[in-house]
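The chain below stands alone and is given in structure tokens; this is the form predicted on its own.
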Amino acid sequence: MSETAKENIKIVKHATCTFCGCVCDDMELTVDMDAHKITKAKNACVLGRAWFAEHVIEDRPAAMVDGKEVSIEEAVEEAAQTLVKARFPITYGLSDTTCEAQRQAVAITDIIHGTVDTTTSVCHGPSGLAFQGVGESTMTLGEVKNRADFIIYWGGNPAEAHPRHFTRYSVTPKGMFTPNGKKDRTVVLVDVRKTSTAPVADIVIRVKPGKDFELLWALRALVKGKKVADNIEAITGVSMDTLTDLVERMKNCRYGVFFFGMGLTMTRGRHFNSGALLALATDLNEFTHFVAKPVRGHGNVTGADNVVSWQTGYPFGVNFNLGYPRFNPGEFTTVDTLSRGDADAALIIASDPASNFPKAAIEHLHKIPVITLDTKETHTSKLAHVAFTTATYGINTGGTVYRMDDVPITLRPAFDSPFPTDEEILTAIRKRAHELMLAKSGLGAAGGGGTQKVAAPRKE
């Protein structure tokens, strides 16, 4: 990391923005070290600038139990005791923290025989299921920048959700085999409505809501030279001429890319939609080079999928109740375990389900002991039995995150936080939970002095 300090102003080069899945690592941050504030974020998009500019160190306790300030050690002890006593504890969130912290969370869940789930289950979970069933022709965003001449955005609005996706990776950047930038590329947008992304596209295709699968299957048929139903336009809202033109363009490009969003996963068809798109990419590889990738939202949700997969063999919704990992979305995913009333304790990490889950799930959260780790006060932390305030990843902490194309990025923090990191808190909980489980099984002791030490908050 290249840094210079002058009159308490620090410049951090090659910093990483962890707001969205683009994980842009070319930030140049100007930090006022006296005010502990980032005053300028060069190269950041509108979302990234807000992410850095609005970051403040809140004046609040590092740890609370039932709304009362306690030491971190006391909170760790209470959290570990709560999780070990539970019969069906759940761990949820993980998409806005480092891979190192995610690893500790999986270990805790394994030790307490609980269920671990990530925010993937409520966004691109269907894509994860499709990937297991169909496979994936994939790539890195660097390959897209340097090679892709045909880009299709399907069911997403990157102009608002990922503003630098166009300028850094897919549309305007000049690459090794795309020296003229956008002039060397054709951009297609497939969506149910006109969005802010539409002006960027050369071709805009409006599909009827809930008819993505039918459209994708028709494209697969045309690619394979099969007959398509005469009333396909009535079914999908897209004419046969448009479909035929799109197929010819896809088959004759040098390097084609599908970027697909939650417009596919959160509508009728769900994992069948994602599976059809992934299968279409495979079909097209008989004629040219075609790849596909979901466009991910949170800064390290891709890392969460990777870490949980390393540790368990599955990306989300994994249960350890029988002593080994089991994967069953719909049974072990968090919305379902809460809505049914199965969970009797919850460890929520860098997420706020109480603000966006279904009513039944939120009502059950109010009935069970909840442990939260977050950088700020949230709806979930307000109802928590144990609440930890932690440092913000990427701004105050180092570590590793994964870009949406599964490329790991190392974080370069701008300045320290007085609060502990997620990894520190989770490591302490893991060690104490392990001791308590050994004592519970009669294989060890967990007497006095067993509470794990965590670095105390720095008073500044």
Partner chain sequence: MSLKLTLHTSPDVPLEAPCLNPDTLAGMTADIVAAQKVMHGNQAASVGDFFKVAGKANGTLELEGDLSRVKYIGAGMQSGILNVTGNVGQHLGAGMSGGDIRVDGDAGDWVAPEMRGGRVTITGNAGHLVGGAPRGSAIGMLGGEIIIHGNVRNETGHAMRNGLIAVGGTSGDFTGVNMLAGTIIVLGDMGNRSGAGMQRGSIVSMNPAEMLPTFTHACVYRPEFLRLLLLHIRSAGLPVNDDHIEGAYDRWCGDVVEVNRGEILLLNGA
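Numbering follows the first chain given and starts at 1. Model, not experiment: these values are computed from the prediction.
A second form of this protein, the form predicted in complex with the partner chain, is not displayed here; the remarks below concern that form.
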{"query": "Contact of residue 187 with the partner chain in the model of the complex (heavy atom, 4.5 Å)", "finding": "no"}
{"query": "4.5 Å heavy atom contact, residue 232 and the partner chain in the model of the complex", "finding": "yes"}
{"query": "Any non-hydrogen atom of residue 326 within 4.5 angstroms of the partner chain in the model of the complex", "finding": "yes"}
{"query": "Residue 75: touches the partner chain in the model of the complex, heavy atom cutoff 4.5 angstroms", "finding": "no"}
{"query": "Check all three, 10, 153 and 416, heavy atom within 4.5 Å of the partner chain in the model of the complex", "finding": "no"}
{"query": "Of 94, 277, 112, 346, the one that lies within 4.5 Å of the partner chain in the model of the complex (heavy atoms)", "finding": "112"}
{"query": "Heavy atom within 4.5 Å of the partner chain in the model of the complex - qualifying residues of 334 to 367", "finding": "340, 341, 342, 344"}
